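Structure 1 and structure 2, given next as structure tokens, are two forms of the same protein chain, each shown alone.
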Structure 1
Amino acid sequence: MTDASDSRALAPRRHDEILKRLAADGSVSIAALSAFFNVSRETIRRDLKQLADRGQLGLVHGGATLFEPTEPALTQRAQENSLAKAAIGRAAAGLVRDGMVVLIDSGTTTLAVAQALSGLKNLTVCTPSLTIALLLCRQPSTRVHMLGGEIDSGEEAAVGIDALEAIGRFRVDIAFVGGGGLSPDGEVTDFTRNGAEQRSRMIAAAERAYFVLDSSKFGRLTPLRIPRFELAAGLITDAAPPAAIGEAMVRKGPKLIVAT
């Protein structure tokens, strides 16, 4: 209207400016933006909503911040469903014998598995998880091999090329692998391409591989299938999944193991 200075271009001009400010400051406020553009708060809110739908920022009360698919912190995730995870850990540890080479994926459920291994002797453990490596290297008579590589700060574990290559160098007796969800058609899926590939290689590297997923993951949809998922020996969980999902998975190969 009366502003006329640069109101010539419409929404896209605002969007560009918003993203610019966001990149500069880390966050933007609706009040400041509406004052700057001489438009109403609702308009800015709609702009932000559009940008949020496109995944270019994250909405918060009063404005927006850089999009961050922040999974909850590891320490908190470890406590959610901790009873179920402990049960899964015990069941998993029951499959391990003294002297085995064990591959343990990153994640909170696998951390519970690691904690349950304390009674065993002469294990060789490979893991990409900093937390698990630290935990187990303090156990006497356990040899730990850390899979190196770039650290994902959310998982606090190595991901990427170096970790992938390192996995291939091991002959593993038994692997415990996490996942992002168990899809309705009975497949374990993951959040990222890297993660899916890494887990796939873990399965391939192990004599026997077990997924460990707590029941909150049932039916959850995450974008990527884990290749060669069906080579896994089984899925260890804390409650029976819906019949349709469980049967679909068992038909593809992996056994279903419900820990109590």
Structure 2
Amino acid sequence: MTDASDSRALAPRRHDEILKRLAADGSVSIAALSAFFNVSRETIRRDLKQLADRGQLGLVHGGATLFEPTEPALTQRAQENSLAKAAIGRAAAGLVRDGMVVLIDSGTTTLAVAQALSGLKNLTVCTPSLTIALLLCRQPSTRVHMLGGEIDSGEEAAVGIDALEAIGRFRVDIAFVGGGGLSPDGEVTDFTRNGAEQRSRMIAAAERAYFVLDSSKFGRLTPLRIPRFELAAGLITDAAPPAAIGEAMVRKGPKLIVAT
């Protein structure tokens, strides 16, 4: 690593390079910048804070980004990576057995899970999603419980304290949970505090919980950690993430399942 005086002298050059990388890639990670510049992670954190204080980037867990701090609406995301999401849905549905209580998060990848559940019998499904509830209530021998709460019009799902409290009322065999991104240090993160907490409680309520994320979310930096994310049994995705990200996630606990 460079010494402190060299680091201060080279800071303007680092700042220029960081901004160029942001413009090209949309996000940067502390770990990658530390390795590239051969300086400590604390030095990079100071660089990013200085740039954030000038309004040139947004700080997020694990790095910085030129990002919108909210997720696009459900209708906007519905057609993105549809084949990948369908593959994830089939792999997730393969873990479900007749008679299970299944908790399904809102989102487009979890909707693909719900679509793949046809043919299973005597399921009880709990979900905050209006779309998923409407789909599955029409399936024979499937009971659907809507998690109560205020409806988020963009997500078309229940949110808030009522939804959080409802999650704890169910005995859940398996849960399928969404997320905003898989960070460079191998953690599933989210856009909002409420979303992160709701997903954390889903993990805690289930005997086994799986994140379902398509590969477009690898390396994406969103603002908030999902508490107790490491208690999830695994992450189901459509392609292997970069080795460093995948290895970091597996070290924390969840196993990687790549749909075929």
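Residue numbering: sequential along structure 1, first residue numbered 1. Rigid core here is just the name for the largest C-alpha set that superposes within 1.5 Å across the two forms. Computed from a prediction, not measured in an experiment: that's the story for all the values here.
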item: Either 1 or 2, the form predicted in complex with the DNA; value: 1
item: CA of residue 39, rigid core aligned, shift of 2 Å or more between structures 1 and 2; value: yes
item: Rigid core fit then residue 252 CA moved by 2 Å or more between structures 1 and 2; value: no
item: Residue 30 C-alpha shift between structures 1 and 2 of 2 Å or more, rigid core reference; value: yes
item: Residue 17 CA shift between structures 1 and 2 in angstrom, with the core used for superposition; value: 36.9
